[in-house]
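First, one chain by itself in structure tokens, the form predicted alone.
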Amino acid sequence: MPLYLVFTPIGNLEDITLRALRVLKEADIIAAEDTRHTRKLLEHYQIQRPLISLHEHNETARIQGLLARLTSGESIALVSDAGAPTISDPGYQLVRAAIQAGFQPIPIPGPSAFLAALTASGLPTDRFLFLGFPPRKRKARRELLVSLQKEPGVLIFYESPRRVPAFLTDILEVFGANRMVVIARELTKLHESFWRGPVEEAVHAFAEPPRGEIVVLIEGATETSLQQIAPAVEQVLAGLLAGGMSVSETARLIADITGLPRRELYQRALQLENPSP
């Protein structure tokens, strides 16, 4: 029997498809990231089906039991707390295991926070790169941003509200002051809002952590924005050195990512590590 991947509302409970409701009503069991959260959705639509938890801490242990259910002829609906299963949410391991066992998972499309944010952002939609949550540690986060400096597509991230100020500061220092960003907050909910402007202004606007679920969109690189990178590269050099990376490792990493001459980067990194008295 099928493994259904059911998209669920990201806020407004009315944002669910008729097909999703039918599948949830007919499934033999619903595997949910948080059964308490999913039960509210089911109660709203008067759906009574067995629930089992499947989250990041128990997914591996649950897989064999769920595969056995599929083999015995039961159907399973996989849901996360909001949006698409496996997208910054549990379910990837189960999907892979099901495919390897000969089952073809069936997607039941619906709400998606990053697509909703992109369509209403006002940024180009012909090319984009969804990157989920950025690394929590500053060094890894900056290294990721540096690697994306020349990406022409819109960059889309989810981020914890309390880390938004630090993330915006990193974007400013790596991409320069004028790169446009959009902060989408509480999508489809009562206090939904969009903030649009240069990242330098965003740093001031979000000096204090915002509330709610956050999607951060960053304008893709243009010829003009690439010309503004040089000062930011130096800041990244200093940051990597301060984080404990050696001069040679720092120069090699930045050269590989940006295409700038490694020798020049090495000399500047050396100067930053050993400033003249």
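A residue's number is simply how far along the shown sequence it sits, counting from 1. Remember, it's a predicted structure, so these values are computed and weren't measured experimentally.
Another form, the form predicted in complex with S-adenosylmethionine, is not on view; read the next lines as being about it.
Q) Are all three of K150, E234 and Y266 close to S-adenosylmethionine in the predicted bound form, meaning a heavy atom of each within 4.5 Å? A) Answer is no for this spot.
(Q) Just to be sure I understand the contacts: of A251, L41, L217, I214, which is the one whose heavy atoms reach within 4.5 angstroms of S-adenosylmethionine in the predicted bound form? (A) Of the listed residues, the single hit is I214.
**Q.** Of K137, K189, R96, H204, the one that lies within 4.5 Å of S-adenosylmethionine in the predicted bound form (heavy atoms)
**A.** Residue within 4.5 Å of the partner: K189.
(Q) Please tell me whether any heavy atom belonging to I87 falls inside 4.5 Å of a heavy atom of S-adenosylmethionine, as the geometry stands in the predicted bound form. (A) Yes - in the predicted bound form, heavy atoms of I87 and S-adenosylmethionine come within 4.5 Å of each other.
(Q) I'd like to know whether I10 contacts S-adenosylmethionine in the predicted bound form, with contact meaning heavy atoms within 4.5 angstroms. (A) Heavy-atom contact with S-adenosylmethionine at 4.5 Å: present for I10.
Q.
in the predicted bound form, does E159 come within 4.5 Å of S-adenosylmethionine, counting heavy atoms only?
A. Yes - in the predicted bound form, heavy atoms of E159 and S-adenosylmethionine come within 4.5 Å of each other.
Q) Taking 4.5 angstroms as the cut-off for heavy atoms, does L172 touch S-adenosylmethionine in the predicted bound form? A) Judged by the heavy-atom cut-off of 4.5 Å, L172 is well away from S-adenosylmethionine in the predicted bound form.
Q) Looking at 67-75, 195-203, 108-116, 142-150, which lies within 4.5 angstroms of S-adenosylmethionine in the predicted bound form, counting heavy atoms? A) Partner-contacting stretch among the options: 108-116.
Q. Does any residue in 121-144 get within 4.5 Å of S-adenosylmethionine in the predicted bound form, counting heavy atoms only, and if so which ones?
A. The one in contact is F133.
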